[in-house]
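Next up: a single chain in structure tokens, the form predicted on its own.
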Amino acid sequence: MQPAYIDTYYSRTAATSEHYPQARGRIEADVCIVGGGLAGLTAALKLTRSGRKVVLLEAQRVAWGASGRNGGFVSAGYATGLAAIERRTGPDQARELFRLSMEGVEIVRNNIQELGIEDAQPEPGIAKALRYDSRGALQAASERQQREFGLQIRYLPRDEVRALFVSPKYHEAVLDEGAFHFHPLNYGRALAREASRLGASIHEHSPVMAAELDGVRKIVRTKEAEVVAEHVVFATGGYTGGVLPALKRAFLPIATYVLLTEQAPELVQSAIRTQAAILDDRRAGDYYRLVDGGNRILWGGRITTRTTDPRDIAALLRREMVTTYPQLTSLKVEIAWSGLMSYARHLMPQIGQWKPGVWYCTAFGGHGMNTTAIGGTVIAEGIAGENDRYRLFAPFDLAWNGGIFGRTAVQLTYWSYQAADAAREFRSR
């Protein structure tokens, strides 16, 4: 059982502390959304704006799971690369999907601007850094994305990289100047406030216990309430229960870890001399950025299929940080935390309609800030009858996750990626 409160940088610096009541009694709605993360909140806001009566049920607190304790990176793309998407869909549909991922970035940016979410604290720029010499491949790939999609990407050669990230590990990078990083918990809570202001009924501490999904009017039950709605949207993530077995079988809960350093501005800025966030190119590699006005580092990394916390999360991550930046050896860790993401085997979001009136919007692990935005948007569009863009994700359906064998395969694959990354890095020394 996960605790109701998780001590993170975001919970410590949350701008507000709204609480929403537990669901009670019989509630009639047009749409019932299960899950109060960023996908569910985005859908709730859009549907409420279109005049639908929306009820949202959250088992813990709004944005309590991965939505409110991640790295806060908002950039185009998915957890898998464009080439892998093309192999499954063909080039034309792959390009449409990539443009949707770009639209997701703009949805988040526009929400911050239009709702005046200053506490989201957006900072421009995300750099993707390599620990090896790609021999021109990185620059060629960035030029292709500039040509095909108009991304604001700038290639950084070795000298410029090491002037910004003072580490002997990095060889080259690309800086996405159109991407940004932000405070995801403040953003999520602001979406909830606006949806609630417009009439959505949001209920916290209301886990769904059962659902009857075959009739025209669906029934969703919590311990104290019964919600009757024409549409039900399952927008849960790594903490998904077994109410919809097809969904539970279709993703793997994957843990990742984050730490926050002590406040030490001079030491921190001796290593990282940019406000841009940094994403290590290694598979499931490090991701980190300056927070608190450049006084601290928020550092994340590592993944595992183990859903219980290791004994010392901070020591595991700190070792990665100090190996990358030896000058940070004396920098202390203040807090560390974990979170469960949901991953499908194909590494793409699972977005679609399971049966008439029953929708799913999940598996955003590894690239969730933009994809939750577009996922919630296209599901809301489908329910409202505006379009059927959600069908673009049909090739990435609720495929079986492989059960215990799937978890084993994922862990072995991760270890093999780590070995390959280490070998490539060694050859570039």
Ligand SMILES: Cc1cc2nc3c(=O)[nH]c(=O)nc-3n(C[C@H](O)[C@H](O)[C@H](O)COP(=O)(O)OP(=O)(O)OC[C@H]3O[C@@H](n4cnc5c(N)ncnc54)[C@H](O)[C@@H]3O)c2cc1C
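Residues carry their position along the shown sequence, with the first being 1. None of these values were measured; they are calculated from a predicted model.
Here the subject shifts to the form predicted together with the ligand, a form of this protein not shown in this document.
Stretch-level contact analysis of 318-326, 236-244, 166-174, 127-135 against the ligand in the model of the complex, using heavy atoms and a 4.5 Å limit, identifies 236-244. Taking a 4.5 Å heavy atom cutoff to the ligand in the model of the complex, the contact residue among Met341, Ala211, Leu151, Val268 is Met341. Checking Gly357, Gly178, Gly71, Pro253 for any heavy atom within 4.5 Å of the ligand in the model of the complex turns up a single hit: Gly71. Within this chain, Gln60 lines the site of the ligand in the model of the complex, having a heavy atom no more than 4.5 Å away.
At the 4.5 Å threshold, heavy atoms of Ser67 reach the ligand in the model of the complex.
In the model of the complex, Val258 approaches the ligand with a heavy atom inside 4.5 Å. For the chain shown alone, Arg52 is not a contact residue for the ligand in the model of the complex, no non-hydrogen atom being within 4.5 angstroms. Contact with the ligand in the model of the complex holds for none of Val31, Arg193 and Gly385, as no heavy atom of theirs lies within 4.5 Å. Looking at 191-214, the residues that come within 4.5 Å of the ligand in the model of the complex, counting any heavy atom, are Ser206, Pro207, Val208.
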